[in-house]
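Here's a solo chain for you in structure tokens, the form predicted alone.
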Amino acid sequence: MADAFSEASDRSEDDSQDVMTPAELIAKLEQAWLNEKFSPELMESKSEIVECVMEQLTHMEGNLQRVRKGDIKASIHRMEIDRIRFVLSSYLRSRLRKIEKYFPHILEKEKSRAEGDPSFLSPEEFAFAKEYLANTESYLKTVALRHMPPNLQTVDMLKAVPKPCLDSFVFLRVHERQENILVEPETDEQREYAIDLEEGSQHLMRYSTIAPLVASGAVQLI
């Protein structure tokens, strides 16, 4: 049996302008997954990668149906399909957890996004976040706010819900060499200083310092 993922990819890539090999597609998914898993804030939506992977998985499942029972290749491809599904599910769950935790700030950020800037939410996530906000406000009014004095019957969700802590520390691996990265001091006695990030090196740094590099793909959270 030919590689199931390659066969699936060949079908979809015939109609694609930007050809991406199966290995590159999975690498993109895993990169988005790790960045989402370890970053304190919601990352840019990778809905195109998600849709492409789901399409490839559907084709892979179809290929496996044509393999005779007992073929060891079928077991190997089944394990790969399960692995990819786990990564995909974990990626989506990580995003939903952040949306539930920081929903007013995420919606505000999406609302203030300039035209042409990449969206932080897929259409489905945006609908989920708006519904979550509406349900939360409705629940608060029903359970507590309507029983309080009139001047206390409103709540500012942006103030009530904490923001993501962008000053938290993260581990990262450098994919592209970076020069003169400004590092903030940890104590009053220290001063700001600049460092170079060598390709392949690993570091522990504040997320706020390297957030643009994560977004651009120059560094990878680990």
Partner chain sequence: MDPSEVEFLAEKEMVTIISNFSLDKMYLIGGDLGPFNPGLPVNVPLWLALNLKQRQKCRIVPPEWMDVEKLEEIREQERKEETFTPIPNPHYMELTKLLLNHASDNIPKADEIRTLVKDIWDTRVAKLRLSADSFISQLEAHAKLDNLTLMEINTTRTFLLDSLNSMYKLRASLQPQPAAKGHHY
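Quantities reported herein were computed from a predicted structural model and do not represent experimental measurements. Numbering follows the first chain given and starts at 1.
FYI, the form predicted together with its partner chain isn't displayed, but the following is about it.
Although the partner isn't part of this model, could you tell me whether residue 72 comes within 4.5 Å of its partner chain in the model of the complex, counting any heavy atom of the residue? Residue 72: contacts its partner chain in the model of the complex.
May I ask you to check whether residue 163 falls inside a 4.5 Å heavy atom distance of its partner chain in the model of the complex? Yes, residue 163 is a contact residue.
Heavy atom to heavy atom, is residue 79 within 4.5 Å of its partner chain in the model of the complex? Yes, contact at 4.5 Å.
Answer for residue 205 alone: is it within 4.5 Å of its partner chain in the model of the complex, judged on heavy atom distances? Result yes; residue 205 sits at the interface with its partner chain in the model of the complex.
Tell me which of 79-87, 106-114, 146-154, 127-135 has residues with heavy atoms within 4.5 angstroms of its partner chain in the model of the complex? Flagged stretch: 79-87.
Please identify the residue among 51, 176, 167, 44 with any heavy atom within 4.5 Å of its partner chain in the model of the complex. If I apply the 4.5 Å criterion carefully, the residue I get is 167.
Residues of stretch 30-59 in contact with its partner chain in the model of the complex (4.5 Å, non-hydrogen atom): Result: 30, 33, 34, 37, 38, 56, 57.
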